[in-house]
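In what follows, one protein chain appears twice in different forms, each by itself as structure tokens: structure 1 and structure 2.
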Structure 1
């Protein structure tokens, strides 16, 4: 129902990318930028260092935000955006550096400190108490009390209703959050942040699960807040949004600041260069292989609200890219094919036979392998060794009478460590002590020991160093060469273009576009991912 609206807006948004801007916006941005010169910094982060076991997440990062501006924070996955934000909001402590708020040194060590300084955040992975209603969730931690010290539900409910009205939400303050959709929960988060009257409001990927109308509404709210003197830090992957709404842009890359730019004076190409910072074409060891028969066929697959009639097929030797933004339904597609989610309707055929897995175990038996997106929670068994992590999926392969034949098992693991060049002190090292890239290689190695011929990689290179990335790409190519079908789900368009044969673009649970090999460009992928439904010329350069 929002198509018409989206159509009308998106072309307008595309203008900034071509170096032009809507006059009105330009005015706003300029005035915003001018009024906030030099000493008007509301937040200054200097030389922030944050170390995690295994890697340095932030390496002497500089970040300066001026009063009243919308400051976009950009970077690829794993560049350190979320870490920086968590430090500013007191969720993480930092190892080195200083933070100044309003010209005064601030020691932010707890979310409460950030709160007292007027910093509020809308998290990307917003957490709610699903058994509470909207009012209770919105005010959780900042409750209003009546005269007797008891909670003043009447006023809280009233304020929540008002705030909900402000963002045009279509649910009441009494609704249980557990009954809301993902997009509606996002709105609860916005309401919750608004209720705190923040000085600095951080929005972490706020539009990921919003409809176009909701995005419009959000931008209106942002502009209103800006006019009221609220400073906004806006984190997003969507360039159009950033060019439309921001005054300045800071780009992070590999935990370092790559640069800070004034939005009117830059363009997308410059930002991409800063984000990527290297010539990527050599990175992808893609081979053009002959494609065999169709091994996976999906027809009209629906899954709740996340998948709305997805159809595609994959052949042997093919790397099929699936593009889309967070929340487009790509992970749900993978999970449904893999038997971890129940489809509401539709059909899956594997090797030509109808296939309806009840659990991942069924899918595994039919030769499907799945490398999940969230490595920490879904890929690793942190307290087990490299060996145990690597062999768990196919453990029965090395068994006799139910007992594990350990010599054979160890030999396989040794070979795999060598083959994937996993940096480890040995197969008995705990996997939690490995770096992200090496952990990911173990998770992938888990499937290489079996006989799968359909591999689904869901964001396989998130938080992975470049060296490991190349190794992972090599393995994908290797799998394709051996005749497997590889599905590569990624938000990294460079990666998709570099590795895939065909690319499907998903948006809001549907495949909105299919590109044959060599047909797509980054711009087009971006265009179709962000909801392009308009004439094709709009998407091409």
Structure 2
């Protein structure tokens, strides 16, 4: 072992457990998961307590993972998932409780210590060097040295190739990372983790940026690793993934364990009840509201190759869904209406008048609000506070003679934090320290403090837990009730069907189909999103 870097592979050593097949949990034990710890427990967290100033993040949490299983860890944003994972991986210390790994007490002191114990994590946002090849990225920060103290690239490349074969990758150790797809970069992260010989591999929202085909490939890799004896802790907000790939599910709520269940013996409704602490009788709080006059009209809009003659209208009190797959032109449509992209041809009308925004500021002045898909890079300023992020777009509302009336500004922010149920230590907390769902609520709250009457939501619930989704849906309904037109762009067909009055389907920059409320199914949306019979714009209004 290279003790200088805590390396876990010795020269000539092969990767362990290769070719071995362990029985899955649901093949050997269908009993409820609330029983005492199993003899094959590879990780046991007992009565873990973690306190932050003025806040208990984890309150006597118990979490047990068995060898060779895929164990899903669920909970709303702020439920304690990230804190627990950071304790398991040595980023945080804990105040009370015990952790055992392979039956031995383990006071995990730092991330290197966790890796030495066989615990590795693949974060949601991977940091790769595009100008490096796969080998250099896989060993970044853990480079192997030869007898003379020089980097042993030959050995590193050999080990990388072995790990790539282990997951059946379709690229080599010499491939430049900049040439890989998002899904292939995820595989590079898996390879980097496997080179540490993990007993436990933690995947944090691994499919957030993957296509359906890449998700299928990831699941194949997970099953392969599982058969080789690697234990997977899988964190995701996507229930369909959880029920397909996991053996057991542990749910955290408000810093406590709400329950642990065998996946084949539970269902979505039970998991949601554990996550939010009550029965969720209506996931989509849609209301049948009267529609007023047309406030937004788009006619034959073109934008480069992204938009090719798009026409539609949106009315007051209406939630207009826009469906489509990646590359359909949905985001480009939103950015063009919002003034961030210039149209090649066509016309936009707002309140019946021609509208040609030169910048997003023009769109904002005309009453258009835009909640972007990439909230971290396009919707937030990471080193500013919750208050500053929430009020920055409408600061003139609290200004007089060049001075900001701080008392009124702070009261508005307090009211919005309460209204949206934003989990924060206070308005002066840095936005970057909030969970993804709470960050999204701040972006939405920013526009609710203004006077917009056209709201464009671009993938508003991506990476957001079910409880936060319901809050976002409630705000959409509230906006429609107040007479705003809401455009909901989403890849979640169930979400579109549950919240929309009408749904427009886009494919290759065109509207291929329109559905009224109650007319469509998920299968039909997918059919028209992938091409259908071709563009049919005559039915749009």
Partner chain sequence: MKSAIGTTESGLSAKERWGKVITKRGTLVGMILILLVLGIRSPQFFTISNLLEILKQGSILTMVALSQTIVLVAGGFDLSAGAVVHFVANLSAGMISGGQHFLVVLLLGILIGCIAGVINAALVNQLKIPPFVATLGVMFVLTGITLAYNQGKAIPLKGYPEFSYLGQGYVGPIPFIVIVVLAMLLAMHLYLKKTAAGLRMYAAGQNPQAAKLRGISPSKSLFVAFVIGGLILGLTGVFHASYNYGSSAVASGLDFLISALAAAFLGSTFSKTGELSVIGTTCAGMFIAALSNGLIINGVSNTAMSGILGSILVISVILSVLHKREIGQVTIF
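Since the structure is predicted, the reported quantities are computational estimates derived from the model, not experimental observations. Numbering follows the first chain given and starts at 1. Rigid core: the largest C-alpha set superposing within 1.5 Å between the two forms.
key: Pair member that is the form predicted in complex with the partner chain   = Structure 1 is the one predicted in complex with the partner chain.
inquiry  = After superposing the rigid core, is the C-alpha displacement of residue 164 2 Å or more between structures 1 and 2?
reply    = Yes, the C-alpha position differs by at least 2 Å between structures 1 and 2.
message = Relative to the superposed rigid core, does residue 292 relocate between structures 1 and 2 - that is, does its Cα move 2 Å or more?
response = No, the C-alpha position differs by under 2 Å between structures 1 and 2.
request  = Could you check whether the CA atom of residue 501 moves 2 Å or more between structures 1 and 2, using the rigid core for the fit?
outcome  = False for residue 501: its C-alpha shift is below 2 Å.
query = Aligning on the rigid core, what is the distance the CA of residue 261 moves between structures 1 and 2, in angstrom?
reply = C-alpha displacement of residue 261 between structures 1 and 2: 19.8 Å.
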